[in-house]
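Alright, here's a single protein chain in two forms, structure 1 and structure 2, each given by itself as structure tokens.
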Structure 1
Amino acid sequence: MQARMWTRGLIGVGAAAAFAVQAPALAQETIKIGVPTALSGTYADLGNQAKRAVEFAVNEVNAKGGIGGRKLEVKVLDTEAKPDVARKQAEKLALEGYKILTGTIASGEGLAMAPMLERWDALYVVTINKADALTGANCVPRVFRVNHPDEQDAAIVRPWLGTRKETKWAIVAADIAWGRNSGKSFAAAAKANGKELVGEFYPAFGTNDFAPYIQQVKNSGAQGVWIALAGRDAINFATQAKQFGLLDSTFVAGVSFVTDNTVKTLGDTSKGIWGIINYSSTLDTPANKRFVEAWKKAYNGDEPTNFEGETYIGMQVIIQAIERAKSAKPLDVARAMSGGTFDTLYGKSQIRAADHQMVQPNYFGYVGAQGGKLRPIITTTFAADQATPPPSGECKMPKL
């Protein structure tokens, strides 16, 4: 209204020029967050969790007046968890002004997006991708990771595996970047603990029939099996493994396998399965307690899942970085993130300048009954310095 009143008294070219000066400022009032994520296919459940977490964080900030008076706006596009689709959808978002990207599921998607970020003048905050390469050999200045990569998970698998009596192990992991990476990490941990690896099996992403792989695990003589499957793959495998007796005859553990949502779907089938717990609604920190209570009010008493918690942490970092930069321009936000320490659900957490990986604690546990329902229960906490290996040296991070 003020702009219209001001220009009303001007005439001709002068008025047009004055309005043109004002237009870009008006267009930049909203801070745009883009979420290229899987809303269909094998990882649709995970994508909807990421979407929910971003929307929750945005609503929370907007209810307080935004950031510096600027409201946040979200746009979500379906990637189907396919790298080529993720690249196209992320580019579309960036071209529409949604240049701060987050919430993507599969590591292959993140690896496809990363090399394009500078061209798009965009920024990508990883909250779910686990492949080490994103903050390792394939690192780029505009990618930051707040979740746990495979190397952080491997760091706690090694000491945990040393406590297990099973000597012969098999691996079942999705035949995608994350699954292969996780399998490699577990194999290294097994070797370090003197365990024998009797089989490695990599079903295609989106497999419906796991029977051949389950039978091969049973035939291998494995006493324990490490699973790196998520979403619908995890549910299908666990259901069929129960039917074929694998869960009753073999010790089963994994990563991203028995999450809050898969436990809810599988019920008693998931009981007793062990695994890495990257985030839990039961974390005993003041910030997490506040978050969980607010989430339960927003979502009819439901507690946040691990992927929702980790994606919310990503939004915490994005919001604080924008506040510090006093700008929502991707390069300004990236400079505020690199080497910065942020308040998160875990406590204060630093994003290393060397590789843009966040240093954070990690957890191990099993599925059991707590508070009247089945859920992943943390039994062991690994402090941030123990759970986060130093930079590998593979990342040659250019200066921002």
Structure 2
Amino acid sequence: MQARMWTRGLIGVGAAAAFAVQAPALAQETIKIGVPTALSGTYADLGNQAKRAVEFAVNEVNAKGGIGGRKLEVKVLDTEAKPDVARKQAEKLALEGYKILTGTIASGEGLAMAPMLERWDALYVVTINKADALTGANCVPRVFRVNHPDEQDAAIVRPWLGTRKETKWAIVAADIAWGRNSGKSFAAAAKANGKELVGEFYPAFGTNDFAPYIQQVKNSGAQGVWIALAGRDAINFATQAKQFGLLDSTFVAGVSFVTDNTVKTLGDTSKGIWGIINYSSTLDTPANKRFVEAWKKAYNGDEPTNFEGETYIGMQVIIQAIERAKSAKPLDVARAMSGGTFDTLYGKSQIRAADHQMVQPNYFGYVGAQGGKLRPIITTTFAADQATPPPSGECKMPKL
């Protein structure tokens, strides 16, 4: 009896409390941003960067009073960079009302989340996944990508190679789908530019000793080397190539090589390596200069990394789309994004309606000292129309 009274009492108090909270909440409910990202495992460092970028953007908006008087709120959950965990955590976020998702690291995670978005009534803005399929064969109406997919990186290799004086080239690429693809598109670009390919090497993923490959590149007489290695492979290759003198005697360029993380790990060794740069804090646009200054103030003089810049661009698009839609409902926001043009760190950038890929410029540059610090420095800018191939046709985008 007593227990029942207690229960009743509790329910009463609970209902009253809920009512009391609900009234003001209706007036200005927060806009909830969910970040399912890697906080542990191999990609934890990248996940932390995505988190910092989202939090930075949210604080910036909230300091100005939010969007239409509504404050932004973030929740981050750990995906361990595993597709199945990412799907589970994204679902949890969506069920708790964090239906606008962004900041996920691995392409596999994005591909696992994409088909579920409709059921969750959620939306996913890709800022780091590079797999072409997300805006190609596996495209869905609720996925939008603001970063560069692999095919955009491939598209600028051909015009860039035409500007190089080296005639003999070798390729060293990881023996996985991504590396093979990159090798293939480089070979095509070399042919188109009348360059001679003197060696193609595909070391196994996770190779410890690159010496036999480095030796063969040296023997091939290559004047330039194209590298498509990532993570530990990239570090091992660069360290060993430096010791063999290859980095000093040969022109070395690559994809996924000139990033802030690689520079941080390799230090001096990375100096003079060329490559594709998707975003750099040295980007010369007024919007980026403002962003970098504010970022440095917020994070003790740190400059934003490429992943931080790209995730911030994702937040810029989300915020502007909510403003335009005058709603934070995922479907309304998605309709505002599709085909819309947004102010980003790159300038004005459009999200194509056909495949939901943002059309943005892409860059080439090298690792060098600027302002007393080693960093990726942009030398060549490829305008958005040149850097973005037309929609592949593999994406049959249903109507939103």
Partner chain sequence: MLLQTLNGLVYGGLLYILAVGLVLIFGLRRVVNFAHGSLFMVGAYVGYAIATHFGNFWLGLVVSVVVLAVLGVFLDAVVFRPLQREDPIVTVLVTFGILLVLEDAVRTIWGKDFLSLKPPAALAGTVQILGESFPTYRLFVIALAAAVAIGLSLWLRMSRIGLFVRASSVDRTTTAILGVNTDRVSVLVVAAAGVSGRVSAPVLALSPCMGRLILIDSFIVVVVGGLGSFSGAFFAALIIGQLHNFGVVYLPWAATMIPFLLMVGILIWRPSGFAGQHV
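In this text, all values refer to a predicted model and were calculated from it rather than measured experimentally. By convention here, residues take numbers in order along the sequence of structure 1, the first being 1. For the two forms, the rigid core is made up of the largest set of C-alpha atoms that agree within 1.5 Å on superposition.
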Number of the structure representing the form predicted alone: 1
Note yes or no: does the Cα of residue 79 move by 2 Å or more between structures 1 and 2 after the core is superposed? no
Taking the rigid core as the reference frame, is the Cα of residue 96 displaced by 2 Å or more between structures 1 and 2? no
Once the core is aligned, please say if the CA of residue 182 is shifted by at least 2 angstroms between structures 1 and 2. yes
Shift of the Cα of residue 205 between structures 1 and 2 with the rigid core overlaid, in Å, rounds to 8.1
Shift in angstrom of the residue 158 C-alpha between structures 1 and 2, rigid core held fixed, comes out at 2.7
What is the Cα shift of residue 192 between structures 1 and 2 once the core is superposed, in angstrom? 5.4
